[in-house]
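A single chain comes next, written as structure tokens; it is the form predicted on its own.
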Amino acid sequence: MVKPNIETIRLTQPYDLKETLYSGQAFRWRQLQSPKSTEGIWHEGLINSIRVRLNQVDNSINIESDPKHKEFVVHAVETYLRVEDDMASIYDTMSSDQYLKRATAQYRGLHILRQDPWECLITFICSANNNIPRIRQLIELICNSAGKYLTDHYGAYRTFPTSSEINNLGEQGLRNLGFGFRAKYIAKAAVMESEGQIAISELRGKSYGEILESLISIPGVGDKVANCVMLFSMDCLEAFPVDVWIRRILRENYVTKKDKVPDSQLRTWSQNQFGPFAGYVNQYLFHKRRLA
């Protein structure tokens, strides 16, 4: 049997792999317990349709993958994990109050991910009125029903489906899988993408305003979902998704009644308050509150 390829990333920034992968940004990662107790926990997931297993030991992240991906797997993982983010500068902007200081101290090394924009869009359409276990279940259902069937060193697996592959399911097929009211929005997004009305993968690199306008033109994508997609897949670190958790945190700790900020303006208020790394602030606040 051919041995898997193993590479190592040496970290120069604080990084907490486990907190990052399971902080509500991505939903297909799962933990594997290594038979060697000294190796700790490995995490299996897909990056660019490649199955990888990741394991952190101190300031290194080990990557295990099929040997055929040896040439490019390190770059793919580094890009996805955003290991290049200057956390010292980011933490400097997050040291303005005690609430944020406690969050950064508790989850130091939590990073934003750089996911595939199409997968991220469909994932967060699925997040509407949903919880993380159910989102994970729905994503697995759509992958197993419509994704490509591939094999590697570990066996068979399914990729995240393209817009054309989702079109083959159709709205009724999605409803049959249990997507409920979300089915029509996912089906519409797939039609728009496959017909060229939107081009999700081409939005990265455009301005915040341009990307937001494009995303909210998709039925079922409001300001919150659009900001999630922008933050977790399109390098918009100023994006600030406002869900029920974030709204509560802002009202309880930051926005007073005398500020007279309506819910519809909380996102722009927060972006002005927290600056160019508002998205990182958002993720730390969300993660702290959700786990509390």
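What you see is a predicted model; the values in this text were computed from it and never measured. Start at 1 and count along the sequence shown; that's the residue number.
One more form of this protein exists, namely the form predicted in complex with the DNA; it is left out here, but the text below deals with it.
- This chain is displayed without the DNA, yet in the predicted complex the stretch 130-138 from 101-109, 70-78, 193-201, 130-138 comes within 4.5 Å of it by heavy atoms.
- Heavy atoms of no residue among Glu44, Trp118 and His153 are located within 4.5 Å of the DNA in the predicted complex.
- Using a 4.5 angstroms limit between non-hydrogen atoms, Lys206 is distant from the DNA in the predicted complex.
- When contacts are judged by a 4.5 Å heavy atom cut-off, Met230 does not count as touching the DNA in the predicted complex.
- Contact check for Trp245: a heavy atom falls within 4.5 Å of the DNA in the predicted complex.
- Interface residue remark: Arg175 is counted as part of the site for the DNA in the predicted complex, having a heavy atom within 4.5 Å.
- Here is the short version: of Ile211, Ile90, Val221, Leu169, the single residue with a heavy atom within 4.5 Å of the DNA in the predicted complex is Val221.
- Residues of 164-188 that come within 4.5 Å of the DNA in the predicted complex, judged by any heavy atom, are Arg175, Gly178, Phe179, Gly180, Phe181, Arg182, Lys184, Tyr185 in sequence order.
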